[in-house]
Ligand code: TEU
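Okay, here we've got a single chain as structure tokens, the form predicted alone, with questions on binding and movement later.
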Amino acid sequence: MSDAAWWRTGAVYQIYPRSFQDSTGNGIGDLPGLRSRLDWVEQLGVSAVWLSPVHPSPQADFGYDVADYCDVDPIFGSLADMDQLIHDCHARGLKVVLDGVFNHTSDQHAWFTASRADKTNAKRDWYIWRDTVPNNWKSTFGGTAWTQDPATGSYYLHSFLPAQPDLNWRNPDVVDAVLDVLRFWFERGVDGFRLDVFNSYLKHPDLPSNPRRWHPGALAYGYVGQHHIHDRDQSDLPEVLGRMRAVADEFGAVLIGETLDEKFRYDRAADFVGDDQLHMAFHFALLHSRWTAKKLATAIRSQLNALPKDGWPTWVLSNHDFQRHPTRWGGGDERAKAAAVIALTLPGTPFLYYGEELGMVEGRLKRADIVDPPGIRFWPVFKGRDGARTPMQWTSEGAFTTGIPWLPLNPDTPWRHAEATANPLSIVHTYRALLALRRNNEALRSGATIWPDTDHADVLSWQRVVASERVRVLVNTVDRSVLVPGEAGTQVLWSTAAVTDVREPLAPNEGRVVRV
């Protein structure tokens, strides 16, 4: 397979730069610090790193409010540091993917500064302005999606914070400007973009109100009390994505989309992938699934069944917006290893979140430690996303920074850290072994997926088949041993419980890969 299709066979490692490694002692991770930890990433066996935003930003939403798309925020380093990081990653065979936050900018971006200056400014129509509030749209961060700007008295649209005004993607100049940003980074060697909330780029041109819907939380959080049919998922979005794809194809780069959507509606992501749209789009059903064989199978099949013929699956267990899966699913280290078996043996591309290879759990933060805007606003009903963003645990003392970390280290750092990985039954050993198995086993790289005729009540199972190679994956989802009837296999390729005999019952929460 050509190098341009690395994303089909490899795994992507998401790094939240603020929390990975600090090189200055200011408590905030940065690019030089990240470079110093590339040995760890390379040894894990992934194919690419994806960086959450590092562009200049007032940090109102911790980088998802971009003030300049073509530079690096001084808290992370410089453009030269980014160039060096790209060089160092490529020297190790690692691709580099950046976060593309193009639905909105910071209110301090030069584009918005010009747009708000007066109603006749050439960039006025680069954002969405109205003289009165035109509809009932709500912000995903709470409250109305419209804020009045004192400079002209008009209202501008923001799907998130007021400090994050939405770009007007119906203006061709905006589309051209974003395409130029893609070219800027591709020419510097970046290998792709993860597109933040891409399905919100286009809004209905007439800005009609969204229909209301009943939801028990709508009184406190109005966003869930609407059917969002006019502020996202517009029918002409594929045309815009096609233009972005054409630029990416010029450079052999990849585009990965993140949809803004509600729980259990992630099959909409499949509408925007294919040969003339995005290479991939995240399907987040696993993030909302319970840990049962039936629920997990439903979540997995919902993505595989929704994808078009030229679509490609993605698998995500944790990320910067969701509670970490060892906390979400419980079950301790054994269940965390079993979850890795699921993500790393299915057809498609797994996206690993920094620290999940250690079994990092959700940080339990005090109210005074919360810095995430939704967490501050909705505490204690919603405690924000900070718990998923606590610093990487490198040693028993942390070793993330010599200063005070921007978020507290997890209390389990003294015994859960990167240096405590010599045990062959450790979680990181499972990740390394499974990633190596993916690289070296043709069935796991490119085989078809065959599901059993009858689902087992407690064991999630499928086969990957190509030519004469047939591999069976079994994941015990319960806290007791289970003997699975049927073809046992001829060889255990990997077991999270170190089982070597294919006839042995599955241990509690064991994940096992066998050659059939």
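All residue numbers refer to positions in the sequence shown, first residue = 1. Model, not experiment: these values are computed from the prediction.
The next section is about a form of this same protein that is not shown, the form predicted in complex with the named molecule.
Figure note: of the listed segments 120-128, 72-80, 407-415, 196-204, the one touching the named molecule in the predicted bound form, with heavy atoms no more than 4.5 Å away, is 196-204. Though the named molecule is absent from this view, in the predicted bound form it lies within 4.5 Å of a heavy atom of just one residue from Asp321, Asp176, Glu442, Glu419, which is Asp321. Of the candidates Arg385, Arg377, Arg245, His230, Arg385 is the one whose heavy atoms come within 4.5 Å of the named molecule in the predicted bound form; the others do not. For the chain shown alone, Leu260 is a contact residue for the named molecule in the predicted bound form, at least one non-hydrogen atom being within 4.5 angstroms. Using a 4.5 Å cutoff between non-hydrogen atoms, Lys95 does not count as a contact of the named molecule in the predicted bound form. Taking non-hydrogen atoms only, Arg389 approaches the named molecule to within 4.5 angstroms in the predicted bound form. Though the partner is left out of this view, His158 does not reach within 4.5 Å of the named molecule in the predicted bound form, counting heavy atoms only. Heavy atoms closer than or equal to 4.5 Å to the named molecule in the predicted bound form belong, across 127-154, to the residues Thr140, Phe141, ordered by sequence position.
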